[in-house]
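Form predicted on its own, single chain, as structure tokens, below.
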């Protein structure tokens, strides 16, 4: 059976500002300076891939590979380096990124917050600050005014549950807190921020007669019991699945801070604040009950014994993406844009098959009735992978750390062929 993507299906790559542009005065670059031991390979983001200076050539290279969409984020600390002081040249820069995309026939997908905060906001308490929703809405409005005539797809916050877990429960990311109460408060704070930004983007767009679709980027990482017959293993999946994989989505649907984050308090603008579902998906996790993991709600992740693993140790199971798409569609009935999907692969040995198999899973989900609007591979180029530094490689394009030379990998050619033909092969073509 031929697996063909629709002609209007968006396909391309995703990036994040700090990971490809490098850090300025944000909470991540400060952590890299002050706590270098937090980065596993000892690196700092620095100028990362120098994408801030090289974006035109980078986008031209991706367009030459027949990509029709590109997701990037706006670095808040560049645009508003001091509270209330906006840098017009930074906004001009991102406007030119969007203009360049348009000239190349590439649909821009713009993220407003991808894990980093300006240090001035971090020093006020970050996402826990009571004024953070208003400040984020002001930033969102400024970005929409500058870019909104050419941007139709917006993402407010990338993976709020991930930031809440690693920044506020595990204490591995800024602000390095380890508190269940802070974790729950961070989820609530980001729900308020998302609602405020959603309202701001739509208010500005409506005033100009522009079309805007707004979502947050939901990281879906379903937990399955290692032993389905074990009541304890099954029980260990319940709370993490509810909090990590569904709480934020259900709050956006209901408009309320649901327990255990809140007591059902209504948040202005939160209800029905998803025009589509931006989905980041990498894998399912197998877990077993463990009294030694109270901070993980007694769920211990265990490598799936029957599945191949990425160089990150994540299981590779393309059918898990199909299952996730079908579950999300059944519960929320929102059109889906896959905003991230990729594999950590040291030598580009897994990526080609990963792409073919996961796009095949997307086709299967669409055949079952799921409305999928596009697929954005993570990532266009090897970059700074947060606490992993430069040790994990997700890119279609290799970047020489000394010269910044870009070298497409074999998987990039395969992906380009799919982008051009819209046909997903049943198997990885043999080269040579």
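On a predicted model such as this, the values are computed, not experimentally measured, just so you know. Residue numbers count along the first chain shown, from 1.
Keep in mind that the form predicted in complex with 1-deoxynojirimycin is missing from the display, and what follows is about it.
J.: Each of 19, 158 and 314 within 4.5 Å of 1-deoxynojirimycin in the predicted complex, by any heavy atom, yes or no?
T.: Every listed residue reaches 1-deoxynojirimycin in the predicted complex, so yes.
J.: Could you spot which one of 282, 298, 139, 166 gets a heavy atom to within 4.5 Å of 1-deoxynojirimycin in the predicted complex?
T.: Of the candidates 282, 298, 139, 166, 282 is the one lying within 4.5 Å of 1-deoxynojirimycin in the predicted complex.
J.: Heavy atom within 4.5 Å of 1-deoxynojirimycin in the predicted complex: which of 115, 198, 72, 153 fits that? Just give me the one.
T.: Here the answer is residue option 115.
J.: In the predicted complex, which of 25 to 33, 361 to 369, 385 to 393, 45 to 53 comes within 4.5 Å of 1-deoxynojirimycin (heavy atoms)?
T.: In short, 385 to 393.
J.: Answer for residue 220 alone: is it within 4.5 Å of 1-deoxynojirimycin in the predicted complex, judged on heavy atom distances?
T.: Residue 220: no contact with 1-deoxynojirimycin in the predicted complex.
J.: Considering only heavy atoms, tell me if residue 375 and 1-deoxynojirimycin come within 4.5 Å of each other in the predicted complex.
T.: Contact check for residue 375: no, nothing within 4.5 Å of 1-deoxynojirimycin in the predicted complex.
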